[in-house]
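Just the one chain here, the form predicted alone, laid out as structure tokens.
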């Protein structure tokens, strides 16, 4: 039955979108490596990279350029790619799990909950590992609270009800976040906390933070890939999925764990970057259809492309660096309205 539903997959421009996304990501990666306050042309970027890889300099050495490329720009670029892919993958998983294109980590309160947890760790001056754990705990508490309140409303609850509960829980955690900022006013961490809450890749740090997010991404995305076929069967409804041998309860736990891990690890490192988890999966689904085994990798790819493009904009358009979360909101909100106008009847 699943194969019959998705047998027309070839009619969708899967290959075109994958090719466009891959080429676009490579071009933006190279462009971002060379452009910024310290400009480097492509030949110098490639030459310095070859020197680093070969070990024996075949091009004139430039210590300042090496520091800019490998200590500042490369970790930031990789972080932007990983964060965009993680948030888009989490959004795609939530939308498939709850069978609603309006569901996203932002709306279900996961981002706000993770933000509160990470804010507490930052205010108390805890380590980066503690920030990750606090962010994961906050995001998990938020989504479990949404599901618990929705379930308590009775058997006739709808997905719209769950989304409304998610909005309320998200607002509640946002209020807690504001309270933490108020309590941090007398500490030295307030400026860092405010900038972090707006979402930024400016403080990507060394490659160790990127390594943590890479590990979380492999674990989270890997879990979602394994669950891809089961999520497709769930699109027919719980009863049909159970009849096909899918453990729906276990599936939900796995998907929620993986999606929360992806969201929380991104929030812990970069702050709140909105709209990526909502608009990117929605756009990809509009282009290639609902098959999660295709939707997940393409959402990851386009999400990475989207956030890297936003990061380039904040670094080049203004003399002072604007938080990337502001740019994703400015781009995402009107684009999402346009997609809704074009595809209001595409989701079934």
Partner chain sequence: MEFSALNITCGYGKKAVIKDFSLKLGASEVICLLGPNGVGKTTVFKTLMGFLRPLKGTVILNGYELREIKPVKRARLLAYVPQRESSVFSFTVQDVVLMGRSAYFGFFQRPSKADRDLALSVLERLGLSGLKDRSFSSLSGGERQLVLIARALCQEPEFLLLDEPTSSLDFHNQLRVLSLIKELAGNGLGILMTTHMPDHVFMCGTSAAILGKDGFCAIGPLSEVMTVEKLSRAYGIEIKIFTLNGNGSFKVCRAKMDSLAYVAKKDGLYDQS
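Numbering follows the first chain given and starts at 1. Bear in mind the structure is a predicted one, so any value in this text is a computation, not a measurement.
Same protein, other form: the form predicted in complex with its partner chain, not shown, and the subject of what follows.
Of the residues given (235, 128, 161, 178), 235 alone sits with a heavy atom within 4.5 Å of its partner chain in the model of the complex. For the candidate set 245, 148, 154, 211, a heavy atom within 4.5 Å of its partner chain in the model of the complex is found for exactly one residue, namely 245. Look at 309-317, 24-32, 43-51, 286-294: in the model of the complex, residues with non-hydrogen atoms within 4.5 angstroms of its partner chain sit in 286-294. Though the partner is left out of this view, residue 112 does not reach within 4.5 Å of its partner chain in the model of the complex, counting heavy atoms only. Its partner chain is not drawn, but in the model of the complex it has a heavy atom within 4.5 Å of residue 227. None of the heavy atoms of residue 195 is located within 4.5 Å of its partner chain in the model of the complex. By the criterion of a heavy atom within 4.5 Å, residue 269 is excluded from the residues contacting its partner chain in the model of the complex. Annotation: in the model of the complex, residues 71, 132 and 199 none come within 4.5 Å of its partner chain through any heavy atom.
Shown here without its partner chain, the chain has no residue in 294-313 lying with a heavy atom within 4.5 Å of that partner in the model of the complex.
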